[in-house]
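The same protein chain appears twice below, in two forms, each given on its own as structure tokens and labelled structure 1 and structure 2.
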Structure 1
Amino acid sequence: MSESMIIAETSKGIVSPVTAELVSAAIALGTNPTVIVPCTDSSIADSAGYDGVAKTIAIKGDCFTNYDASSWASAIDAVMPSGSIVVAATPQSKDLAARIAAKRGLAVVQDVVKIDGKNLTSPVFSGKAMQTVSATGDFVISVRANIFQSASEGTANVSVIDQSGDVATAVQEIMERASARLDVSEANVIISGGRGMGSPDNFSHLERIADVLGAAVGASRAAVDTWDEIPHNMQVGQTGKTVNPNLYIAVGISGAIQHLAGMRSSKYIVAINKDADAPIFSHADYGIVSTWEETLPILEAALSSMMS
């Protein structure tokens, strides 16, 4: 069996749960996975053990304090065994995947959602079509979240290697997100508002539901472009973030093709819109034709009583 190297997804000093999905993807490729954990504190690798994974390698280096593409790629490349490489399709890991692929002269396929032998399928044209390619030899892939089953947790057999790289960029300042709420790119549940919210103040109604569900709050481009209070980092879509949550609730969003580009692969989509003909309804699992003013209070009450 050929080998594969899973580069664990990490955030805020822990290995993210999506790493367990990467294990299943690597096994679907017919490979024998090793998990690689880039870190500054190798104890975080202790949680990176999974069924089907014989070995976890913690690569410990100062360069992993902040993300810097070139030093991460060179430190990981210096000590990671050869094989195909599997990462999560997050913005940071896609970037890292491309750098490591180039370093090793491997081709890279991003945003894989289906693996069939060596045939890899990804969405193209903003999800308006799927593209299947066939890979030979070793290659690098990033895998979308919420597609592959999570491998069960197992004991991690960790070896630690000290290796850093030269950091060429200099972080001057980290601006923590003001709110404690998750970013849309990290959340499993997202509630987004569009121009139909009428004013940025009305996003407080979305925030209340987000707090009940532990969700992130997103927005359409029309909302971001119209209201200064709604920052671009909330934007979902073609020129915003591509998200893949379990649940996406679109409120006062018409469902323009560029918005769909960022969220159509969500597992479940709920649409609340007063216009019964809004295109978003053709993509919604559950649609409610009504104003948000009437609907959100009822939804909030129903969800609160369920969650308590």
Structure 2
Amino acid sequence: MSESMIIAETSKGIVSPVTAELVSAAIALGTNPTVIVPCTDSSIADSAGYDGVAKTIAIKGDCFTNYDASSWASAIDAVMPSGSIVVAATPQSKDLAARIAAKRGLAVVQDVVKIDGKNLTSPVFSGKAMQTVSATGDFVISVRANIFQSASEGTANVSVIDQSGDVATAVQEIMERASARLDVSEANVIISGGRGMGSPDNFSHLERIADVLGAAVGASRAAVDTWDEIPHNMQVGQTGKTVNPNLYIAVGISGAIQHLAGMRSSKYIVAINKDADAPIFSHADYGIVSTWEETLPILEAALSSMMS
């Protein structure tokens, strides 16, 4: 059986749940997976044990304090064993995987949504079509979240490789990227706002509903481009993050093709927009033609009652 290397997704010093999905994807490839955990504290790798994984490698280094593409790729490539590479389809991990693939001369398939042996299926043309390619030899894939079942937790057999001081960090201080709220790329429920929200201050209404549902808050590109207060890491769409939640609630979002490319595969889509002709309604399972001011208070009250 061939080998695969899973680069664990980490956030705020812990291994993210999506890593368990990557294990299932690696096993579906017919490979024997090893989990690679980039970290500054090797103890976090203790939680990266899964059924079907024989070994976990914690790569410890100062460069992993903040993400810098060049230093991360160099540090990981220097010590990671050979084999196919599996990462989550997040902007950071896709960037990292592509850089390592370039160093190792491996082919890359991004945003994989189905694995049948070595046949890999991924969306093309902004999600309008699907392509299936057959991989040979070692390769690199990024896998969308909420596609594969999470592997069961197991005991981690951890080896630690200390890279501290071996790789120069190109950027030592960057703006803190993580937020207290769940990231849209990992969430099962997402409520997103567009420019139709009228003001970034009005996103607080979305946040209250997100708190009730345990959801993430996203945004359209129009909202991100219009208001500095709405950060890019909230953006869902072709130039933002691709998501695949069980429930996607779009509020004040017209449904431009660039946004649909990032969320049209959601299991259920609910659209709230005062424009009955908005393109989003053509893709929604449920649509409410109304202003957000009228709808969100009623929705919040109903959800709070259901969840209590």
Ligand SMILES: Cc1cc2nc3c(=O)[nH]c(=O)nc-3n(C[C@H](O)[C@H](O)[C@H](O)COP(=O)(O)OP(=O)(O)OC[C@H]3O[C@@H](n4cnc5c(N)ncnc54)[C@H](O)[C@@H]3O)c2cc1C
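The term rigid core refers to the maximal set of C-alpha atoms that superpose within 1.5 Å between the two forms. All figures in this text were calculated on a predicted structure; none of them were measured in a lab. Counting starts at 1 and follows the sequence of structure 1.
The second of the two structures is the form predicted on its own. Annotation for residue 148: C-alpha shift under 2 angstroms between structure 1 and structure 2, rigid core superposed. Core-superposed comparison between structure 1 and structure 2: the CA of residue 157 stays below a 2 Å shift.
Positional change of residue 69 between structure 1 and structure 2 stays under 2 Å at the C-alpha, relative to the superposed core. Relative to the superposed core, residue 187 has its Cα moved 3.0 Å between structure 1 and structure 2. Taking the core as the fixed frame between structure 1 and structure 2, we note the C-alpha of residue 222 moving 5.1 angstrom.
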